[in-house]
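The chain below stands alone, shown as structure tokens; this is the form predicted alone.
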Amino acid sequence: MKQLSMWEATSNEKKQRSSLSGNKECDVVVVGGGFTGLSTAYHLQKKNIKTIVLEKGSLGSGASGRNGGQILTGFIDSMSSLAKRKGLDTARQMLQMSLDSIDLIERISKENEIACSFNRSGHLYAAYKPTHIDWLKEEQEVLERDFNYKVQVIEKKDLQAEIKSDFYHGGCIDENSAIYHPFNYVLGLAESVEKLGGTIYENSEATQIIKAPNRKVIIETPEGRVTADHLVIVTNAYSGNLHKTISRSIIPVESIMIATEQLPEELVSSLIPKDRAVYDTKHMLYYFRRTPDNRMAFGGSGRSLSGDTAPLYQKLKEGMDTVFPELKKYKAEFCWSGKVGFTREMLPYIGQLEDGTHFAFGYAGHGAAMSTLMGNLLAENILSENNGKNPFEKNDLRPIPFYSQHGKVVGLMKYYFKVKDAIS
């Protein structure tokens, strides 16, 4: 298997961008060139706010180019649970924002003619156990009664119309989700930023934040510096030590993916006939979908304490073959990994710290949808155009407790699995 993201390997032509050199000035400097950062720059540039984006590596090298390409409604926690935790009115607002996020991606892609294979084909939430069908039905009732939102729960006897597999026992269909080629969306969004007058520097790691006497902020990189009125940090699970308050508020969890060689079109189309995004109710979930070039992209959670990732990918291939026995004779051509960002509440956070830094992170596997909207909201925050009713707004960030053992941070992972057990 090639240890390379299939999305990058099959992407549109990539533009080469220079690294930052010398001194630059702008209105807003954005650290992080993923979906959130590029969306922030895009929406600021539409208001003629001069923006510079600093990307540590190359665009799409983080989560934005390594995810499953599933733009899903909702959040990692169920809407019924969120209603209990946050109140029904707030939960309703959250669900609407989730739907708005998909609309926004579709609108940006159309308006800027981004060739990212956007397809609003819906998703299937597949039931791993027969008892999970009962839970899906309960959730369906809550969604229709309390949220005026309709989904369809199907039994195992009707599942073949959605997925050619005996592995699952039914599922829930939501027609509002979408799929796309995430790497191509990154590239298209970046080009849209530049067409609006924004500047993007690759291979330009932000190494230090300096507060200037004139209330401006200076971001240093190895070969240059940017002076700006506002600072946005949107590095999510790839946050280093640039801003410790932010990095200590994120749980980074490793996710791995494989993608098959190109399959016969009649085979791959028979496996997921309606081209849905699929993910399941399993504790260590699987998520998968067809790709525009007739592959199966298949992902799951995975981490290796030894550093040897080969067994993880092999196990994931075995999992894919269990779900789809027809794929046993086809090889996995690509394998890659990436980090998913979680917060204490398993919900996204957005806000501004006392030092003036704007932030957004913690999408918990739903960043392909929510991150573009969060970029828009960050732009509104900077321009003071928001209505003050964002349910994800945070005025302060509390560090997540962790401890170090033999040089390895393990407490974050223990915290994650403790929370995951509680909501599964």
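Numbering starts at 1 and follows the sequence shown. On a predicted model such as this, the values are computed, not experimentally measured, just so you know.
In what follows, reference is made to the form predicted in complex with a small molecule, a form of this protein that is not presented.
The putative spot formed by Gly32, Gly62 and Gly69 is fully lined by the small molecule in the predicted bound form; each residue has a non-hydrogen atom within 4.5 angstroms of it. None of the heavy atoms of Leu285 is located within 4.5 Å of the small molecule in the predicted bound form. The closest heavy atom approach of Val142 to the small molecule in the predicted bound form falls outside 4.5 Å.
Proximity of Gly122 to the small molecule in the predicted bound form falls outside the 4.5 Å heavy atom cutoff. Not displayed here, the small molecule is kept clear of Glu345 by more than 4.5 Å at the level of heavy atoms in the predicted bound form. The single contact residue among Asp100, Glu205, Glu194, Asp174, judged by any heavy atom lying within 4.5 Å of the small molecule in the predicted bound form, is Glu205. Just one listed stretch, out of 83-91, 110-118, 335-343, 309-317, contacts the small molecule in the predicted bound form at the 4.5 Å heavy atom level, and that stretch is 335-343.
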